[in-house]
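What follows is one chain in structure tokens, specifically the form predicted alone.
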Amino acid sequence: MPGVSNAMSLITAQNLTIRLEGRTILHDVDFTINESEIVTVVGPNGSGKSTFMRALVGALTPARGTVTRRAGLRIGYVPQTLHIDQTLPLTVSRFLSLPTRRNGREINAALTETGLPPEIAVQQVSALSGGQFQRVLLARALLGDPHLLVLDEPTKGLDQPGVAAFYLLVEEVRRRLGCAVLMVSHDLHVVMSASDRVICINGHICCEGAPVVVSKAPEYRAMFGQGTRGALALYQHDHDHSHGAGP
């Protein structure tokens, strides 16, 4: 049950409320992610998804409620965007050694884990393609041997083949390493079938459940419009309220 701590839980939030600049972004959120689980967070723009992720990893202090992380929990984080000055001389190897210095063996292993050739370590970060850079960010997250991977819309800006390839990679990494994955995504038709659980946020958790089929879903059409051309996931949950804007 969300909000109930157990021996397998990595992070548990109870009655989580976040206020930023005088506005309530999230309110009364109960949530738990367990070992080896893949949880996808969906919701419209401005619904509080990134705020939710930042609160769970400890980057934001709740106005009310609690977030409990397992003692010694290691989190690997892949941000939505990371801007690096294109004029800055920075090799992939050096980037992967920030802020913790890594040796060549560790770097090569992380690059191989994400499907990149070890020789890319000597290339400039500015010379990487979008897909390569996202894999480097994932490699950086994996260097800490995480119990939990947190991915905040990690495929933003990639084309459809790049999106599909990245999420297949995440699924493979999770299977090999046994870590849990918590990700925000708008790529519903790609990620839903791989998720153990889907959390829908719009200022609060308005519905959640296990995905069962990829099909047309009127509830998601109302939330996301027609942009996915019907390629939406339908999962089992109860709707007993509207998806109105949060406070």
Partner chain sequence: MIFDAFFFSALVAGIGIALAAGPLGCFVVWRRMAYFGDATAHAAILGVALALAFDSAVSVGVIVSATGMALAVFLLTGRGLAVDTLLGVAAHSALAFGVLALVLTGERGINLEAYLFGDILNVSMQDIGLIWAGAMLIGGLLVWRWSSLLTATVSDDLARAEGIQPARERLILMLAVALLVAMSIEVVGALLVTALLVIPAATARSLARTPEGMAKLSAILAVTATSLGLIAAFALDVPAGPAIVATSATGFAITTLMGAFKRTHLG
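Numbering follows the first chain given and starts at 1. Keep in mind that this is a model prediction, so the values were computed, not measured.
Note that the form predicted in complex with its partner chain isn't included here; everything after this is about it.
Using a 4.5 angstroms threshold between heavy atoms, T91 counts as touching its partner chain in the predicted bound form. Its partner chain in the predicted bound form comes within 4.5 Å of no heavy atom belonging to R176. Among residues of the shown chain, R101 is one whose heavy atoms approach its partner chain to within 4.5 Å in the predicted bound form. Of the heavy atoms in H27, none are within 4.5 Å of its partner chain in the predicted bound form. Proximity to its partner chain in the predicted bound form, taken as a non-hydrogen atom within 4.5 angstroms, holds for one residue of D85, D159, E172, D145, which is D85. Taking R197, H204, R54, R69 one by one, only a single residue has any non-hydrogen atom within 4.5 Å of its partner chain in the predicted bound form, and it is R54.
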